[in-house]
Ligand SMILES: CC(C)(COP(=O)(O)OP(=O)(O)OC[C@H]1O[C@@H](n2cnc3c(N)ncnc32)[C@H](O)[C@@H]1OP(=O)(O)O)[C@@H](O)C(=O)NCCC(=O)NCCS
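The chain below stands alone, shown as C-alpha cells; this is the form predicted alone.
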C-alpha cells in the first residue's frame, strides 16, 4: 500500500476519498445521507473546529484510492491526543489496508508527541469490529435519534412550547441564520463552556472557550456557504445572559434532513424547561425557513438523561445504528 499526504489542490484525489467515504457510509450507516462533497473537503482541510491535523491517502498496487484518514491534533486542550481513524472502501476491506493506515496514523501521532488515539464509528459495523479487534477501549456510547416531523400530531409542538414558555418566564428568545453574530460571541463562549458537564470520554479535558475562540473555531462550513445554519437562544431578561442555545444545520444537497448540533443550557438556568423552549422555537423557525425539511437527526450520550427526555417529548425515536467512541494508546496503533 502506498500512503501519501493529501494535497488540497488535488481535486481528483479528494473526489476519490469522497467516493470512499460515501461507499463506507452506505455500507455501515445507510440511515442518513453522507455529507456532501463541499463539507467533506472542508473537513479534510480544517477538521470540525479548525484544529490542526493532517490527512493521508492510501492507494493499492494499481494506484487506486482504497482508503484515507484524517487525524486531528488538538492544540488547546487534549494535546496528548490524536483523533480520527482510517476509512476503507468496502470493496477493499479485509486486505490489511485499514491496519496499514492506522499504523501510519500512529506513527504520525507519535511524531507529534501524542500518546492516545481516539475515534468514533457506528456500532456493530466494520469500524466497531476493527476497534475491538485492536483491543481499543469503549470510551463513550451515543444514541442516534430521529424526529420525523410528519409523524408529530397537530398541536403537539405548540402545546409543549406554551408549557415551556410558562416555566421560562423572564426569558426572551432570539434567533439568527448563518454565523454567530458578533454581539453573541462572548455569551456563546459561556454556553460552550456549559457543555463541559455533559457526558464526555474518560480522559477528555474540558474545553475553555472565549469570544475569540468562538469566532475563530466555529461555523466554518456555514461561513463558507456550504450549509445553512439556524440558531435559537434564550436570553435571561434581568441579566442579559445567554442561558440556552440550539442549532440545526441543513446541507443543501440533502435538504430534507436537519442535523441537530449543540443544544445546551447554562447550569444556573436549568430547571426552567429552556432546552424544550429553544427546541420548540427552532421547529417553528424551520417550518418557515426550511419547509422541505421532514426529519432531524440528533445524537446524545446514552446517559444524558435530561436531553434524551426533552427529545422524547418532541417525538424523537431511537434509530440504529448508534455510535461508539473508542480510545487506545498510540503505541497500540503502531503495533
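The shown structure was predicted, so the numbers you read here are calculated from the model rather than taken from an experiment. Residue numbers count along the first chain shown, from 1.
The protein also exists as the form predicted in complex with the ligand; that form is not presented, and the subsequent description refers to it.
*Asks:* May I ask you to check whether residue 193 falls inside a 4.5 Å heavy atom distance of the ligand in the predicted bound form?
*Replies:* It does not: once the ligand is placed as it appears in the predicted bound form, residue 193 has no heavy atom within 4.5 Å of it.
*Asks:* Evaluate residue 94 for contact with the ligand in the predicted bound form, applying a 4.5 angstroms cut-off between non-hydrogen atoms, and reply yes or no.
*Replies:* Taking the distances in the predicted bound form, the answer for residue 94 is yes, it comes within 4.5 Å of the ligand.
*Asks:* Would you please decide whether residue 129 lies within 4.5 angstroms of the ligand in the predicted bound form, comparing each non-hydrogen atom pair?
*Replies:* Yes, residue 129 lies within 4.5 Å of the ligand in the predicted bound form.
*Asks:* Though only this chain appears here, would residue 121 touch the ligand in the predicted bound form if you measure heavy atom gaps against 4.5 Å?
*Replies:* Residue 121 belongs to the contact set for the ligand.
*Asks:* Since exactly one of 169, 162, 133, 111 fits, which has a heavy atom within 4.5 Å of the ligand in the predicted bound form?
*Replies:* By the 4.5 Å heavy-atom cutoff, the listed residue in contact is 133.
*Asks:* Let me know the one among 28, 54, 297, 281 whose heavy atoms come within 4.5 Å of the ligand in the predicted bound form, would you?
*Replies:* It is 28.
*Asks:* Looking at heavy atoms inside 4.5 Å, which stretch does the ligand contact in the predicted bound form, given the options 259-267, 202-210, 150-158, 94-102?
*Replies:* Flagged stretch: 94-102.
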